[in-house]
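A lone chain, given as structure tokens: the form predicted on its own.
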Amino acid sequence: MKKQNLLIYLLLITFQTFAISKEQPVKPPSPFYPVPTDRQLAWHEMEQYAFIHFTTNTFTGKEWGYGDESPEVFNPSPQMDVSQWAKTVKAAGLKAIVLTCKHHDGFCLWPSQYTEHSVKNSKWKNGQGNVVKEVSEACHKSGLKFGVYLSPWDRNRSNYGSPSYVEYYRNQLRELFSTYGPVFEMWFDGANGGDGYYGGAREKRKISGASYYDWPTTLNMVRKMEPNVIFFSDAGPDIRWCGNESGYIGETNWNTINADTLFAGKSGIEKILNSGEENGKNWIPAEVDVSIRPGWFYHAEEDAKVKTPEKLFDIYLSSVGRGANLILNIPPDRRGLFHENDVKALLGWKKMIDEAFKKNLALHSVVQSDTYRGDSKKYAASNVTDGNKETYWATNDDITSGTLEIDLGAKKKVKYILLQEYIKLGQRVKNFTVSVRKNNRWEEVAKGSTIGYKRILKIEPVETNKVKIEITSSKASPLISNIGIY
């Protein structure tokens, strides 16, 4: 009898081995263009980082310096400690610092050889200080990435508006990238031209933002020095502005957009920036910029107006939670420190995020789907809860909808649903719904349009043992890499 059982077992193993060997490999989904570059993918995964505005404005009380401020105005106290900035940024869960190395007033936070309007002529450290160097070193020591903001507009320079200024701007970029790298992001905005000191001319100057700087040549120069740098501006070319400074991206947020539309400067551009374009030909995802205070620079009268942890958490949900990256401005005070109120708010915010997303109830849960690609386990529903970002659930090419049902095993309180697409192969999902099992029936609790890199939906807390995600429409076969339930 034992020999018969052994024979049957061997026959079954032989049959299964033969069946597996005969299984035809299932072709993976083709990319749905456009798709992100490797450097854009790395940027998506950062999710959030800090902006630091610190210059003569900190000491004059202005937001936009006119350019006629004396360098001697810049004079932080001996207490100044950029390591406090880096430690606080890291403790808040932010991944990098982007420093305003030069704002519109033209004052440089490093001793640039190309201008006298810099820290070398300030009282701080008897002109021997270098904020850019200190922040760069503090970032690298703390494991943070370092980025630079060099304003294209310069209200101090007498030659602003002439070709020679563009070369001045490029020379300063060479200084920054060759001396203080690596630099993960170069940030520049659309504030270009207007009233200024301009070396004593005190006049209004206009330039053509589209052509004056010859951005292709400038960015190509920088890219040769720093191949993996990400360029931010209103129109990219790597990442775009979100269209506001209030802390949100649209609930519909396509990472794709037509660069020609952005550079054309059409009316209503803020709305396009905020939602992207479903059929955009360029992958230019959005960055949400907002300050922890009403202003971008420190003002003592705003000490009681620091955003609360609750407000910062709402901003997190409406930026990172809608597939954008968040750059949160934290301005040092006149001591050269983050103010105590700002630090308290940041740490309170981090605590809220940690508590809300402490335990993923869906991790390793059983998942069922109504369809999966080629009936191959490589694309099965279980991939959305395996904790591996490189695996995903996919449908056949001709199927652009599908349902994923997650069994939590027992009734649990659910408040947040997190969804992620496998964006390496493009952004696809156009509409989806979320339902929970309640009173022996399915009840819809949320719906949305785009998902992208990450989508977080806050729902009314509910006790349930099952959650269903239904992709109702997609531009191509949907690819979902992760579902989190909290």
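Only a predicted model underlies this, so the values are computations on that prediction, with no experimental measurement involved. Start at 1 and count along the sequence shown; that's the residue number.
Although it is not shown, the form predicted together with a small molecule is what the next lines describe.
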Does any part of residue 289 reach within 4.5 Å of the small molecule in the model of the complex? Heavy atoms only, please. yes
Is there a heavy atom of residue 49 lying 4.5 Å or less from a heavy atom of the small molecule in the model of the complex? no
Would you please decide whether residue 64 lies within 4.5 angstroms of the small molecule in the model of the complex, comparing each non-hydrogen atom pair? yes
In the model of the complex, does residue 53 have a heavy atom within 4.5 Å of the small molecule? yes
Give me the residue from 231, 149, 213, 180 that has a heavy atom within 4.5 Å of the small molecule in the model of the complex. 149
In this chain shown alone, the residue from 117, 104, 373, 307 with a heavy atom within 4.5 Å of the small molecule in the model of the complex is 104
Going by heavy atoms within 4.5 Å, which of 185-193, 362-370, 268-276, 169-177 lines up against the small molecule in the model of the complex? 185-193
